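Consider the single chain below, provided in structure tokens and representing the form predicted on its own.
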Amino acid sequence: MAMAHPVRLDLPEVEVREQRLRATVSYNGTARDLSRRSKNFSLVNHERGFEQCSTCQQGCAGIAYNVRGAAVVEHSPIGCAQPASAAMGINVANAARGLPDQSVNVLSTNLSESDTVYGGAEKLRATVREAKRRFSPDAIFVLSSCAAGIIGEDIEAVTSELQDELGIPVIPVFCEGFRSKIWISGIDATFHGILRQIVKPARKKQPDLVNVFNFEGSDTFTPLLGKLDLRANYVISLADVETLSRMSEAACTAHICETLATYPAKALEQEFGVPEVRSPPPFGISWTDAWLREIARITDREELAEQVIESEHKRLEPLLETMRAQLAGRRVYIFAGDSYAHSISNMLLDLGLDLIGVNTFHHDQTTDGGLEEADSLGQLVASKGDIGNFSVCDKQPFQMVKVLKDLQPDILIVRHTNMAVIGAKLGIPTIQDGDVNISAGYDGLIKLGERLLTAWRTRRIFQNIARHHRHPYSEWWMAQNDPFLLSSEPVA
């Protein structure tokens, strides 16, 4: 795998994934072919002749809502602030983590048609000052938008001026939706702002502290890392600004998802000397072993790690034997984000299930830093072999309905809530894996197996739903053999 672009914290913006990682949103073939073609960047991105839906990177940049004690200003028309409504559920995540509630502090500049002609800089200044007055935050993120980007608003200059005036970080996040079809580019943009303006050089190194980049999931890593006498430093969701400023003090940086975190992990290593954990994420037995061994190597706990791994294998083996017998013969399909789909694939194969296909929302042809050890697709193919019916499709329901009707899996696993309804309407028992942390580590494998068994037992409910549902697609479309028929023209 070739070296990707270096991190450039001296620049206000991070390159989008199409440029930085040669990401694509359309592919249909096999896992081995996708991995092989990614190694020499021979995949060509394809435009669809028709798109049913999309997601904006500005919504993903809203991970800034989850920073405890911060405020967010959306420099946009009011409709672009809609993702803030989803963030209001953050205290469900806090409860699962055992943390106190937090407020989601969001304002919008509510750009109007007139502002797109005469400029919205004064509105932006007034709204940032109002956010400071109303919330007394420790930092303010300013999220750009298509409207602000099209008129060339100088957000960098305004935020720099206000940072001096207010005495707290005022962080521009350049996440205009038109810049990228890969919505997670918005998370990269927020991380870029945090790395530039919040993270400080280490005051004192903490040799037992491990940065764990994750979403807002349950506390899986305190007990797992505790077996090595290490502490988990969960970032960035649910962490406060002070915690983020001290990420540079950790012994190393690990993550649950290469798509989420190889960018900040690379930046922390390059700019602050925090080593990146070079392994696939800890999902499934062999990947959890590798993850622990790599952390142990960096923190000088290798002998202890081997004792933990041996003990965990002995504990799990009888449980897995029983579970494999109960799940034998079940055919499963996965519909999730790039890296996480690979991680769940690894777990399903550990459980002895028949993995009949995978769809990821996008595909990066390399990782930040170009690490082969963190290339979860390459690691999956190398350890578990090829997977057929492997596709890349950014949530287009008209394509995924075709795929699922043709393959008829027994169980569907999806990452996002709005995708779970597709399986239900087709009568397929569906698991929505929203709290990713639950599936991590050794116990995560058992928990996933239990949820699969529960889903299978509820199949009659899904079958009843399907009997009362009619899809809106034409007979012509449903009769086509190729679900990716409308994705055949390469982008110039």
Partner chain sequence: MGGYIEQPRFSCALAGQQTVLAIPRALPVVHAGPGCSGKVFAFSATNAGFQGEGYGGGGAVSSTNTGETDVVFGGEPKLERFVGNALRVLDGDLFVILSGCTSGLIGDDVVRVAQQYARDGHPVIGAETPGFRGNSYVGHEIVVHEIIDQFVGDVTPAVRPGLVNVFASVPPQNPFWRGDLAEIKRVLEGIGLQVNILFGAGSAGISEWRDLPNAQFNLVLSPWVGLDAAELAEKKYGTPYLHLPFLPIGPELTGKTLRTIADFAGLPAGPVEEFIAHEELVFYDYFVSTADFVADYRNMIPSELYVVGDSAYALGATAFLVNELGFVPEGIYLTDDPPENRQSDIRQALSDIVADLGDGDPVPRFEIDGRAIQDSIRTRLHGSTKALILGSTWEDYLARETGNLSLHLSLPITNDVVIDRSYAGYRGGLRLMEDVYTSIFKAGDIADTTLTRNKQ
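Numbering follows the first chain given and starts at 1. What you see is a predicted model; the values in this text were computed from it and never measured.
One more form of this protein, predicted together with the partner chain, exists but is not displayed; see below.
Taken together, 312, 343 and 431 are entirely out of contact with the partner chain in the predicted complex: none brings a heavy atom within 4.5 Å. Residues within 4.5 angstroms of the partner chain in the predicted complex, judged by any non-hydrogen atom, belong to 171-179 and to none of the other stretches in 171-179, 201-209, 360-368, 405-413.
Using a 4.5 angstroms threshold between heavy atoms, residue 77 counts as touching the partner chain in the predicted complex.
Taking the partner from the other structure, the partner chain in the predicted complex has a heavy atom within 4.5 Å of a heavy atom of residue 425. Although the partner is absent from this view, residue 383 stays clear of the partner chain in the predicted complex, with no non-hydrogen atom inside 4.5 angstroms. Looking at residue 322, you'd find every heavy atom of it more than 4.5 angstroms from the partner chain in the predicted complex. Contact annotation: of the candidates 453, 44, 466, 53, the single residue with a non-hydrogen atom within 4.5 angstroms of the partner chain in the predicted complex is 53.
Note on the partner interface in the predicted complex: the residue among 421, 296, 121, 327 having a heavy atom within 4.5 angstroms of the partner chain is 421.
Annotation for 79-96: interface residues with the partner chain in the predicted complex are 79, 80, 81, 82, 83, 84, 85, 87, 88 [heavy atom within 4.5 Å]. Distance between the C-alpha atoms of residue 395 and residue 83: longer by at least 3 Å in the predicted complex than in the displayed form.
Relative to this conformation, a decrease of 3 Å or more in the Cα-Cα distance between residue 88 and residue 447 is found in the predicted complex.
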